[in-house]
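The chain that follows stands alone, in the form predicted alone, written as structure tokens.
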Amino acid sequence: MFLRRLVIRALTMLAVLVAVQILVVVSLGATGYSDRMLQAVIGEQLRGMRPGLAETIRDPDELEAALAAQRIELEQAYGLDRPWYARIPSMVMRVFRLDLGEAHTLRSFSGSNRVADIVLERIPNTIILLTTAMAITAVVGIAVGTRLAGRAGSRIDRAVSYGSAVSYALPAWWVGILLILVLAFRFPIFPSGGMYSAPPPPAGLPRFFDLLHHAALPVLTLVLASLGPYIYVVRTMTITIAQGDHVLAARAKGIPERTISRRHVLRVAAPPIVTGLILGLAGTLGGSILVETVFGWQGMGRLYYEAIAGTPDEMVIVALTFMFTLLYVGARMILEVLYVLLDPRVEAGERAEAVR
């Protein structure tokens, strides 16, 4: 039953992914961007063909005629001889394969201008940033939130609740700039931006520790922007569940308070707490665009800004939209697995339904 549930959820998330890409393709097609993107791809291919044709065709007029014939063939191959709405299926498949041609101005670290190369090399950098910030937020949020739940109404509980509201209202980019001013310029403890020192240290532990040093401020920014609300969510969930009948019954049986907290409160509160953390990834993904831009962190968020600023690189924007959606869908699938691991009532309920 668990496997069937997981397959159904996977198909649902795949449908969400496809729907998002169809909306992107439709908006690009209706505004004429898809035609311009494909024309740009064709233009890059023709520029690559020109030197080879010039070696065999010496007459400039014949060379231009040959290039014009090649353009017509490429336009037919890409479907530019048909309306934009007729190209939606093929365009969606190209997005899924990241077969989006070459970027206008952006280049990968190795110098490639292929959209797939540019985007794929940035993914690990963004994942490092987000997963580290989420792990710290989860550990600190659960530890502090559960402790506050046992002191509801106290001064420290009220102070942290007010701090959570302030943290929720703070823009991540503003927190990042403030940390740079204080911890990079006023007290030069951390670097103000980038991923490595200049010149970067050699491979191995020195390079790894240099990366950690540069990642400290971006990670701290993401944690400060998300920790307050998460602490408040954990606190509220724990207080609500601690007032349940099953907890009162456990106390009436004389079960130790530590056992009640671990088995009867935290075990039940774990699924909604993890849900809040995973779903908070959507806001973290959006915030990472500004945070990576502020700190010059070479991830997908920074690439998004570079693709929009100056001359827009539409193909890169489409590829990044797909990758951000894919990360969110992957997080939702992880959530489905964690639900069964953390709350056996889900699987038990499915078994009871199968028996009926």
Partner chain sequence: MSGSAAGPPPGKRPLRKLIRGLRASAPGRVGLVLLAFLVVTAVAVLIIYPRDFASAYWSNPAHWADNPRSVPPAWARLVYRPGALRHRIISSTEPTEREETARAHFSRWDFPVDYQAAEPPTSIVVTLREVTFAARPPIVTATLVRPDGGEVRLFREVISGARPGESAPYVRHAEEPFRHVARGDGAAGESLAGHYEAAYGVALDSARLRDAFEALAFGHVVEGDLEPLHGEYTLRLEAMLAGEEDAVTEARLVVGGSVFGVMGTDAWGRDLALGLLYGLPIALAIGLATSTVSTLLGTALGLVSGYTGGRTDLVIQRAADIVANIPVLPLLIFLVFIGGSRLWLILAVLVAFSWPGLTIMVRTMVLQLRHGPEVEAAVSLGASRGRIIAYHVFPHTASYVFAQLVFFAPSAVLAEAGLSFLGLGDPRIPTWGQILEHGFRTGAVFLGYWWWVIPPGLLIVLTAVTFMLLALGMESIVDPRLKGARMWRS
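A quick note: this is a predicted structure, and the numbers were derived from the prediction, not measured. Residue numbers count along the first chain shown, from 1.
Another form exists, predicted in complex with the partner chain; not displayed. Remarks below refer to it.
Subject >> All of 181, 289 and 312 within 4.5 Å of the partner chain in the model of the complex, heavy atom check >> reply: Yes.
**OP:** Identify which of 272, 101, 79, 229 has a heavy atom within 4.5 Å of the partner chain in the model of the complex; exactly one of them does.
**Re:** Checked against the cut-off, the match is 229.
**OP:** Please pick, from 41, 317, 66, 331, the one residue with any non-hydrogen atom lying within 4.5 angstroms of the partner chain in the model of the complex.
**Re:** Selected option: 317.
Subject >> residue 24: touches the partner chain in the model of the complex, heavy atom cutoff 4.5 angstroms >> reply: Yes, residue 24 lies within 4.5 Å of the partner chain in the model of the complex.
Original post:
Within a 4.5 Å heavy atom cut-off, is residue 172 in contact with the partner chain in the model of the complex?
Top reply: Yes - in the model of the complex, heavy atoms of residue 172 and the partner chain come within 4.5 Å of each other.
**OP:** Check whether residue 31 has any heavy atom within 4.5 Å of a heavy atom of the partner chain in the model of the complex, and answer yes or no.
**Re:** Yes - in the model of the complex, heavy atoms of residue 31 and the partner chain come within 4.5 Å of each other.
Original post:
So in the model of the complex, does any heavy atom of residue 285 sit within 4.5 Å of the partner chain?
Top reply: Result yes; residue 285 sits at the interface with the partner chain in the model of the complex.
Subject >> Heavy atom contact within 4.5 Å of the partner chain in the model of the complex, the stretch among 113-121, 262-270, 164-172, 208-216 >> reply: Correct option: 164-172.
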